[in-house]
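Just the one chain here, laid out as structure tokens, in the form predicted alone.
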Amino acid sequence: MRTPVKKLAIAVSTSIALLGAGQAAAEIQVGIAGPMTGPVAQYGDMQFSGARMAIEQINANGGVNGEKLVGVEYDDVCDPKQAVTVANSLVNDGVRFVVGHLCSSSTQPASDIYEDEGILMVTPASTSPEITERGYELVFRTIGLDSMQGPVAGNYIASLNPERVAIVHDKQQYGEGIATAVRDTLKGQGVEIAMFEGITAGDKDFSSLITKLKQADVDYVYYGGYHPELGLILRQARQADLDATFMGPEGVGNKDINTIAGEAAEGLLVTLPPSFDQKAENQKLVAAFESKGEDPSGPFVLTSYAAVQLIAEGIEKADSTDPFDVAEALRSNSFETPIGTVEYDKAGDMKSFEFVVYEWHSDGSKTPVK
């Protein structure tokens, strides 16, 4: 917990910087940190699209207490080391509010720096519970936790009465975390776990894994990780005539998995946030994205929009741009956003968030099944 003395020091140094910044004092910088390049840049596209739209619309409506929001974008490649470099760049650039990061393995080390330096962060995509378990004051998110998502997936698989389930993960914070939550849920339901095994992110040949899955005679496979690896696993599993149903988290719910897996993506089960773009109250916003040729249906588009909105409304309610004041305002109020009513607990997690099971189709569409 930060001491009042350090909080005061941060506030004083920021005030001095603003006094010397001239016209910059009429702007509020919002960092947007996520993968602009790399294997999961498609998710970064969602993040940046949603955040940019929120900044544009908030500014069009007069800004925040008469000040304009200015987005400052950073590419962390969804890599923990690069995320630390980005976090330090944000500190050096004087940014005090951040939408990001996207991958849990990047968010965690970056948030250590933000907390130390008095920067408020709202991640629109990182689901690892570890991020908010440390008691930080300035860390928030606009998505649910693996501890919420894992039971949804595990309970759904259990309801199908599987005989033998394999759980595979990419050995990263997000992938292994969600896989562990699913495993624990299934074990609690008395479902046999035939395998719990990690692969290496970035691998291309999964023939040995698929051989093990066939030898274990599994009928369901849960994968914790991202779409590039699962897409290859699906394609290679079909080629090897592995007869099993696959399921994964929101990290695989990307239309690019169809490019990789082809027809093998048909029937994949995915847990995702609800289709916020289908809500009647969001149709004007959806039209604004579509007018720019952008797709608002991705799982992190409107969570990113909401992250910017919450920062803006937190500043307004606090009547302050001090991140600690804004954090207190976020925890003390409820907010109406495109992802629904947002209320925060002490840790900075949303008090409620829904995950939905979808069946994925080979054309990139999805159908809710729960």
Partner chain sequence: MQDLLYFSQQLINGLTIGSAYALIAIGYTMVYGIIGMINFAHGEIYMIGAYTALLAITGLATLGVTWLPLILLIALICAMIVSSSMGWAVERVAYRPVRGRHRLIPLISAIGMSIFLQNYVHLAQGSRNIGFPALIEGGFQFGSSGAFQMSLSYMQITIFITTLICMTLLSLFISRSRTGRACRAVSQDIGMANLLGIDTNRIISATFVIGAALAAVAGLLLGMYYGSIDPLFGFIAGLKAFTAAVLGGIGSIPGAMLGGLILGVSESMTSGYLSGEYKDVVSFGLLILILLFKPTGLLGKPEVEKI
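Residue numbers count along the first chain shown, from 1. Because the structure is predicted, anything quoted here is derived from the model rather than measured.
The same protein also has a form predicted in complex with its partner chain, omitted here; what follows describes it.
Of the heavy atoms in Asp203, some are within 4.5 Å of its partner chain in the model of the complex.
Ala41 belongs to the set of residues with a heavy atom inside 4.5 Å of its partner chain in the model of the complex. Contact between Gln236 and its partner chain in the model of the complex is found at the 4.5 Å heavy atom cutoff. A residue is said to contact a partner when one of its heavy atoms sits within 4.5 Å of a partner heavy atom; Glu163 fails this definition for its partner chain in the model of the complex, lying far away. When its partner chain is considered in the model of the complex, only one residue from Glu266, Asp112, Glu137, Glu197 comes within 4.5 Å through any heavy atom, namely Glu197. Out of the listed residues Ala288, Ile193, Val91, Leu232, Leu232 is the one that sits within 4.5 Å of its partner chain in the model of the complex by at least one heavy atom. Contact with its partner chain in the model of the complex, defined as any heavy atom within 4.5 Å, is confined among 55-63, 30-38, 328-336, 310-318 to 30-38. Shown here without its partner chain, the chain has no residue in 291-318 lying with a heavy atom within 4.5 Å of that partner in the model of the complex.
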